[in-house]
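Okay, here we've got a single chain as structure tokens, the form predicted alone, with questions on binding and movement later.
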């Protein structure tokens, strides 16, 4: 598998947007499936979101300073390999 876009998750049935409270892994850092990767604030609570796969947090697209973004908005790019090349524009094109 190549690079994958990680989007703002829907953490509740009524959640339409959320904000990044804190990235728990640095950009470029290794992630492990099931490990808490980011804390997201919904309209009701702050929740830690776990990585869905092993890999690397190649690029953070939404930070703590960006405020609320809609569910489904790309917030990071995850790769299988450390330092793996990817075409950011191509990956994000389907979300525009």
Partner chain sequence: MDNKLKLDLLRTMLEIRKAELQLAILYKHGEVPCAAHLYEGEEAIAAGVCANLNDKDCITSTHRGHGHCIAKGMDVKKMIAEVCARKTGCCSGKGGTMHMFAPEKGVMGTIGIVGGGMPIATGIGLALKMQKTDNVAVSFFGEGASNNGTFHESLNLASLWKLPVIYVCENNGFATSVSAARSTSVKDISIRALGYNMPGVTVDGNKVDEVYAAAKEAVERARAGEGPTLIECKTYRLRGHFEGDDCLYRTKEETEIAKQLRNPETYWKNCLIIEGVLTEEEYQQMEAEVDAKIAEAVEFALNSPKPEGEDAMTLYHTPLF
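Residue numbers count along the first chain shown, from 1. Remember, predicted model here, so these are calculated numbers, not experimental data.
The following text describes the form predicted together with its partner chain, which does not appear among the structures shown.
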>> Taking its partner chain as it sits in the model of the complex, is residue 74 in contact with it (heavy atom to heavy atom, 4.5 Å or less)?
In response: no
> Taking 4.5 angstroms as the cut-off for heavy atoms, does residue 46 touch its partner chain in the model of the complex?
Replying inline: yes
>> Although the partner isn't part of this model, could you tell me whether residue 25 comes within 4.5 Å of its partner chain in the model of the complex, counting any heavy atom of the residue?
In response: no
> Do residue 52 and its partner chain share at least one heavy atom pair within 4.5 Å in the model of the complex?
Replying inline: yes
>> With the partner left out here, which residues of 11 to 30 have a non-hydrogen atom within 4.5 Å of its partner chain in the model of the complex?
In response: 11, 12, 13
